[in-house]
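Next up is one chain by itself, shown in structure tokens, the form predicted on its own.
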């Protein structure tokens, strides 16, 4: 059965999406606010991380404690994440409390308290999160990789920069919120059990009064897909490699996704077999598809020892370049099953479904249903994947290492 999707725009242009899930008693909210890392002014890198916490610290009508109690009283599980173009807010709860939760989120977005004392707490948390990357070099390496791979400022480090965070003030951050919280460019997705007859008038009442703001243009710089080393004391070398691939808007998107799953989709994938099992070069190696609206790539990570770093890097590059060779029916089938299994399990989570719907609408202008995605995965073949890889060979790589030694890149 084709999945039903409710889509409508409020009078101010804000998009509201509804994905009914008849088998659940929960509901989830997914919000994309246009205040991501790439939209933040120069010298304010990390402001999005502060904002994502600060707006939860009270509203004009509720103190920090009162808001926290109200959210907890709804049994609400929440999450926030800073992306390239957006701050993504998500929450899941019992469906009977959905409308109250939407009202609270409207207050936080439209009438946050933005108390200066609470700002300092949010700022310190952002700084602590940035400093914690020193103990998580894998995460740090992949943030640096995307920063170097994507055109600036699209790949800007979402965790921020220490000096920028330290110098950021409450007044400057208020200005960023005022300039970026544009509801006409905001997407609200609801997944799970909901009543569209109640949802639509409520969202119009809460959000439609905010007038659209001038759309901000982001000027990008062409990235240099070269090698970057970041010294780090330790006994490991963390390797990040990224190369361009098809965007979600491309007709080759599903070929790219299945090809990536053949490269690194499990313990029988090529990278795991060649780098870890056959040669014992590293303790972990994986690759995954990653995209922004404008561009996309396949990002690979490997953690190894200094004496094996160069060989690990060389074998990974070799596997990327020979991916079009000798794809057989068994590995194609394993890749498809792995992709589809992950999608089916994700689709059973209301929070994941709401987030995916909002992201789909932003990138594609529509929401893909699960049936459509599964059918497109099934349509891929050895020939379609090989043709895609031969027409889009992996030639240019952005490489990052974090650790005590450098490597010699391709």
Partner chain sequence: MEFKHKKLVNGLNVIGEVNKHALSAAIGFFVRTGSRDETDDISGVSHFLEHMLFKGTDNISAHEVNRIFDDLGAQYNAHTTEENTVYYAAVLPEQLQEVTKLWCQLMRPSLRDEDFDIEKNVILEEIAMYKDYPQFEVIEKCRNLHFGSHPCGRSVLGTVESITALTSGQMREYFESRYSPDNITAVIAGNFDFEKICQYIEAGCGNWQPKEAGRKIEYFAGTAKRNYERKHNLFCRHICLASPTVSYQDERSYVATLLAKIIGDSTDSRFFWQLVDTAIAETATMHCDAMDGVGAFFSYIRSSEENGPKVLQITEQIFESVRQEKISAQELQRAKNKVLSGMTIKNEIPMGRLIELGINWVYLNKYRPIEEEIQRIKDVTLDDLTALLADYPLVPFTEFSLGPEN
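Just so it is clear, the structure is predicted and the values come from calculations on it, not from any experiment. Residue numbers count along the first chain shown, from 1.
If you look for the form predicted in complex with the partner chain, you will not find it shown, but the lines that follow are about it.
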Counting only non-hydrogen atoms, choose the one of 153-161, 204-212, 89-97, 172-180 that falls within 4.5 Å of the partner chain in the predicted complex. 89-97
Among 359, 39, 347, 59, just one has a heavy atom within 4.5 Å of the partner chain in the predicted complex, namely 347
By the heavy atom within 4.5 Å rule, which residue out of 321, 229, 293, 334 makes contact with the partner chain in the predicted complex? 334
Would the partner chain in the predicted complex be within 4.5 angstroms of a non-hydrogen atom of every residue among 68, 135 and 235? yes
Using 4.5 Å between non-hydrogen atoms, is residue 282 touching the partner chain in the predicted complex? yes
Even though the partner chain is not shown here, does residue 391 get within 4.5 Å of it in the predicted complex, heavy atoms only? no
So in the predicted complex, is the partner chain close enough to residue 25 to count as touching (4.5 Å, heavy atoms)? yes
Would you please decide whether residue 303 lies within 4.5 angstroms of the partner chain in the predicted complex, comparing each non-hydrogen atom pair? yes
If you look in the predicted complex, which residues in 122-138 sit within 4.5 Å of the partner chain (heavy atoms)? 124, 125, 128, 129, 131, 132, 134, 135, 137
